[in-house]
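Consider the single chain below, provided in structure tokens and representing the form predicted on its own.
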């Protein structure tokens, strides 16, 4: 009798699971039954993959921390101890026009961390808070306190806005800070195509709104030979938006792969980009010009993703915006991510690196001479009235971005083609006024009003929310802006959003949490999720902040040993898959000069200094 015949009986799943609750992945990989992947996932979860109190975490609820003179209580919440990771009480407070989180552990005392660098801005954004749809069909029962019950459970307040799908932990780089990639982890996690279909389908089962957007990530996803099949599977399963998270380096050598990726259904490349100089961006500084030229040639848009640190690249955030605008035909956005200090980080090092959302926004305002102002940024939930209106008009539950207001902010900027002036969207559209009017129309429909009349009212009123004198020329001509808005609100045309992107640069700001600033109120509302190999859907800020009980634990359970992978491939080490950089050749190319002219002068550093920068980061240098 074959294994596949035997495991039809639930009691025989032990043939695919080891005594220490790990999957015999080479055996499971031979199966093509999605039901079997689900059964194995449930079984391994029951055997210890799901967090266990007293083993994986503790709950140490004591008295709330106390306020000191001159401090103001903002709200109470729960957090985790920096030392023992136990669930503890915390307060969010104001001091010196900044927002802090203070928490108290019975065993390790009181600890404090900066939460938001500007209290006034915090209060303004808090007014934009808006609850979205939760989920009607939880993936896991409530067994533990949040955040040690993730899966998702019935307490979670947001459906999946963006699903992260890890398809490999292999990478062609060896960045010094990364403990996720295969060589550092000691195992290779690379689910089969059928297994990936199971995970994608699991997120699509979510109600009332199934996952509609997926980010394929890693490791480095372009190292998969079946990447195109994975993208097609996502589209076939109903994912409307597919983005690929990559360094982009592979496409420099395989431009035809970029075309295939685009044709298979990838909408956007989500590409690491930490600055305009090799000092701030040793990861792919030399390769970016060539990568962007490849994307342009195949009609692919890219979003640049800088991880921002106070002592590192904060001084270049304005330059990164200008870089995005200069090459706006291929760069669709810059999504800044203030650093998440996951792992053990001493206080002095945290103070050197830590930067919050308001700090980055202020730096952008200063570096762009006030053209993009602090008041031009809105928290993500400001978009919910749009979703509610479309929901009322169509009668169907709509996708909502209902994460906590402190998680992120965003805006759109445009550069007038005649004057060169940079203008943010809120400078010519009354965002608050439009949002409030949409809420009025939604209530009108809910009270029994005509949907058609509501749409006519919106069309009649739209013009009043636009200041045409401040509108950039490319959107002012023939009132093109109104036509785009009409398509979005009345036609519910997804392509209209794309048309808007082609005429603007998205600026995002997403600050993922770490154990020092952890706020359970935020993670309960998280809408950026990972799907795990056992079929759970886990919020970003539990998956990565507690890797030992979520990310690493799940992926290790479904992995093969590094030794077995090397033997299978005939390699002696993972170095065989590493990228090696030729700095001289890259700097000599015309694209390098074209992109960085006005942003970076390569003569500022000697060749030896550049070589050391690359090698210290973990990218070997070759000279042939």
Partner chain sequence: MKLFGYNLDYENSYQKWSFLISHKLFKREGERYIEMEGEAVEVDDEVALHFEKIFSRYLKIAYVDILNADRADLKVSVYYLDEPAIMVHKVVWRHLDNKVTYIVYDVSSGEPPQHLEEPECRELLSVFGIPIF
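Numbering follows the first chain given and starts at 1. What you see is a predicted model, and the numbers here were worked out from it, not measured in a lab.
Another form exists, predicted in complex with its partner chain; not displayed. Remarks below refer to it.
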| remark: in the predicted complex, the residue from 116, 399, 405, 550 with a non-hydrogen atom within 4.5 Å of its partner chain is 405
| said: To verify the annotation, which of these, 283, 525, 536, 354, has a non-hydrogen atom within 4.5 Å of its partner chain in the predicted complex? | reply: 525
| said: I have 205, 213 and 263 flagged as a candidate spot, so tell me whether each of them has a non-hydrogen atom within 4.5 Å of its partner chain in the predicted complex. | reply: no
| said: Among the candidate stretches 267-275, 458-466, 316-324, 76-84, which one is within 4.5 Å of its partner chain in the predicted complex when only heavy atoms are counted? | reply: 76-84
| field | residue 144 within 4.5 Å of its partner chain in the predicted complex, heavy atoms | value | yes
| task | Check whether residue 344 has any heavy atom within 4.5 Å of a heavy atom of its partner chain in the predicted complex, and answer yes or no. | result | no
| task | Report whether the minimum heavy atom distance between residue 387 and its partner chain in the predicted complex is within 4.5 Å. | result | no
| 4.5 Å heavy atom contact, residue 129 to its partner chain in the predicted complex | yes
| query | Considering only 81-98, what residues come within 4.5 Å of its partner chain in the predicted complex, judged by heavy atoms? | reply | 89
